[in-house]
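Only one chain is included here, represented as structure tokens and corresponding to the form predicted alone.
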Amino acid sequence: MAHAAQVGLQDATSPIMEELIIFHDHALMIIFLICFLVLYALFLTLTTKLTNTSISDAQEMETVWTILPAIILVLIALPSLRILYMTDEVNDPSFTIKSIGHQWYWTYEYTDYGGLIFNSYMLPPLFLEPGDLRLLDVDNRVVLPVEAPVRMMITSQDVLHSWAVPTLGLKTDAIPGRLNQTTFTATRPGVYYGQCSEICGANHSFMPIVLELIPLKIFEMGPVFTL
């Protein structure tokens, strides 16, 4: 999870998030190079004492500053489209979980385990134990296995919500009357936090998401739910 004074992205826990971090660094490097080039050109323009008012055109320069931005856009677009395809790809998930957004809590349904359904509410400050995180911990965590593809079916019962877990690179809108899906494969166990990322009313800030990822062998013995 994020920590105080953190500047970069959270550590990746899925292949998708690893690709997003690489793409972020790739795009940031290109932005830095463009900014440096523009600032350098401005510096030369402001400090030079040479002037020439007889130049009416410069075909070579116009060709360069037309082709160079096109190449830069291609270098950004190609990896972006690749990641977009990866996020939409569904590769034979091991099991499916349905998440339903409400004002202001989440309902989860394990469709592959007899339709187990439970609600997940944020823990009030009075119920927090040592080590719990204020505004982030919930009463019922979502327990999932690592190293197994999981499909999330996401919808809403009332207004727009968004189911987001940054460390997994997930952010999917929950829309009333529509069922969206996303897939992920966690690479390491742990407890990971997210929040509703679409303004949904007065208590929008009090809709945390907590995923508890456990080894696949332990999960196969029988799902461990913190109900």
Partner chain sequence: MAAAPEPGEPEERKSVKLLGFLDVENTPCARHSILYGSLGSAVAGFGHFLFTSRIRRSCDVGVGGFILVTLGCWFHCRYNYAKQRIQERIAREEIKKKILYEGTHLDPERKHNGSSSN
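Keep in mind that what you see is a predicted model, and the values were worked out from it rather than measured. Positions refer to the first chain, counted from 1.
Quick note: we don't show the form predicted together with its partner chain, though the next part is all about it.
Participant: Counting heavy atoms only and using a 4.5 Å cut-off, do 149, 175 and 179 all touch its partner chain in the model of the complex?
Facilitator: No: none of 149, 175 and 179 comes within 4.5 Å of its partner chain in the model of the complex.
Participant: Is it the case that residue 44, even though its partner is missing from this view, gets within 4.5 Å of its partner chain in the model of the complex, heavy atoms only?
Facilitator: The answer is yes: residue 44 has a heavy atom within 4.5 Å of its partner chain.
Participant: Would residue 75 sit within 4.5 Å of its partner chain in the model of the complex, counting heavy atoms only?
Facilitator: Residue 75: yes, in contact with its partner chain in the model of the complex.
Participant: Considering non-hydrogen atoms and a 4.5 Å limit, does its partner chain approach residue 48 in the model of the complex?
Facilitator: Yes, contact at 4.5 Å.
Participant: Under a 4.5 Å heavy atom criterion, is residue 67 part of the interface with its partner chain in the model of the complex?
Facilitator: Residue-level check for residue 67: no, no contact with its partner chain.
Participant: Does any residue in 17 to 43 get within 4.5 Å of its partner chain in the model of the complex, counting heavy atoms only, and if so which ones?
Facilitator: 18, 19, 22, 25, 26, 28, 29, 31, 32, 33, 35, 36, 37, 39, 40 sit within 4.5 Å of the partner.
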